[in-house]
Structure formats: C-alpha cells, structure tokens
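Two separate entries follow, structure 1 and structure 2, each one form of the same protein chain as structure tokens.
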Structure 1
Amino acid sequence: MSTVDAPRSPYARTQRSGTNWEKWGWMYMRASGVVLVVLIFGHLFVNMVAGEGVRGIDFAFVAGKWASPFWQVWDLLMLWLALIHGANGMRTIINDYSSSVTLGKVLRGAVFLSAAALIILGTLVIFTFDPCPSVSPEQLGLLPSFCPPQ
C-alpha cells in the first residue's frame, strides 16, 4: 500500500546527481568580481590617472611594468578572471535573449572560442615578453631606459 505525503508538507528540492555548474558559475561571478574590482581599479589608477595618464603609455611603460613579477602576476590574474567572468556573463545574456536553440549554440560557441583564444594569447604574451628585445637602430629610442646598450 502506498503512502501519501501529509498535506502541506514542506517543499523538498528534487535531488539531481552531479555537480551543480550553474551554482558554481553564480559563485564564480561574485568571487571573481570582488577580486577584479581591486585589480582593475589598481590598473586604471596606475595607467590612466597616475603620472601622465593615457599619454604616458607606450612600449617602455609596459616593459617597465612587466620587468617586475608583481605586475606580471597582476595582469595575468586580470586576464584570466576578467575573460572568464565576461564570457560567463555573455553566456547568461545569450541564454536569456537568443530566440533559437541553434543561434544560442553558435553564439555561445563564439564567446567560448574568443575567450579561450585570448586567454592563451595573453598568457603567452605575458610569459614570453622581453622588455629589451633586439630592435632595428631607429627603434632603440623606444626601449625602456634600463635596457643595456645594443
């Protein structure tokens, strides 16, 4: 004989097997968001406000920053956290507005591929960067002042 639940018994969530990826995505947006506020506010202050602001940015400026592991790690963290945060946000928006299943798949695929490609590119750039590359004589003046004479 089967039993019937008592009337007005409290709602119980259906148990699903496996990892709840949507929940971890939701958590990631908030955790990465807090870290990104610090990283990007620092980035904007150093690049856009301190010194000359945007007019002070050139190869020598970037080389001066990436000669230090501090800014390499800073920018690497920004790269990974921001691109994954942005790509997941775009995924949410695509899920909300794409009118067809196929269109949604195509758009999500495009977001995933562009984010993955840029994470790989950016990581390679940060780790293979040489602040004092060998350059043609007319570009010698563009190198940072700490580079040894060529």
Structure 2
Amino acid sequence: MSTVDAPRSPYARTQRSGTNWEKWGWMYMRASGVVLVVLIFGHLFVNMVAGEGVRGIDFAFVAGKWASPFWQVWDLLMLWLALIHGANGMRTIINDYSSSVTLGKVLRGAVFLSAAALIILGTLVIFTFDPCPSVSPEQLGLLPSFCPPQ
C-alpha cells in the first residue's frame, strides 16, 4: 500500500520564492476573457447590427472608424488582449502535452515570437493607417472618393 508524503515532510515540494507566473497567467485568462467578451460583442454590434450589416463594411467604413481615437483604442485593446490570451492558452497546451523539454521550449518560443510579431504589426496598422495617402497624379483614380483632391 502506498502512502502520500505528509505536507511538511522533507520530500514534499519546496516553495519557491518569487512570482507565481502560473497563478498570474490563470488570473489573466479569466480577466481578459471577461473584457474580451465585452469588446467583441461591442465590435460585432457596431459592425454588423448598428449600420448596414456586412454590406456596409468597406474601406471607407474602416477609415471612418479608425479616424476616431476611441475606436483605435477599442480595436487595439481587442487585438492585444486576444493575442496574449490566445498565446497564453497555447503556452498552457504546450506545457501539458509537449513530450520533451527542448520541444516545449521551441514551441513556446515560436508562440511568443508569432504573438509578438502580430501584436507589433497590428498596432502599426491601427496607428499608421492613412486612408488618403499622397500619391502620384496617375494614381489619383485609385484613391477613395472621400479623399480630398491633391
């Protein structure tokens, strides 16, 4: 018959000092999940219900939306929270199912790099988006109709 070591026995796992990253990751998943539900349903309501529905979403719709700092921050929060939430979930799955320490490190590194790259690129797109860029005279016909003539 096997027995379980007493909690304070010398063989019990010792407490490590420092930050408990698993606890904070768990708490982040719960908090970000709640905030993401609000952000996503708000996004869907504005894009699908309040306007003309899916037929109304075009370049001009996005340009008009991102002209407002409110919607830039809204979409930025949704982007950051969703990507970090997803990467943390993938990290948890990798921790649970990776067959070797090296494979786990490689996969976690790949998840971190891809999430970081998407966050950086998405942030750049949101804040550098210009619906009316400067173009040469022969390209003026390619600009949207709401852009002032140059």
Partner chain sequence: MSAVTAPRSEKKPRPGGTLYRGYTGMWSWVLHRITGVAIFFFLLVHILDTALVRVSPEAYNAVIGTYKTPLMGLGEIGLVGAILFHALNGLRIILVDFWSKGVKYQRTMFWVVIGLWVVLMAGFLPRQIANIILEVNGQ
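FYI, numbering is relative to structure 1, first residue = 1. Every value quoted in this text rests on a predicted model; they were computed, and no experiment measured them. Under this definition, the rigid core comprises the largest set of C-alpha atoms superposing within 1.5 Å between the forms.
Between the two renderings of this chain, the form predicted together with the partner chain is found in structure 1; structure 2 comes from elsewhere. Annotation: Cα of Gly33 displaced by less than 2 Å between the two structures, core superposition.
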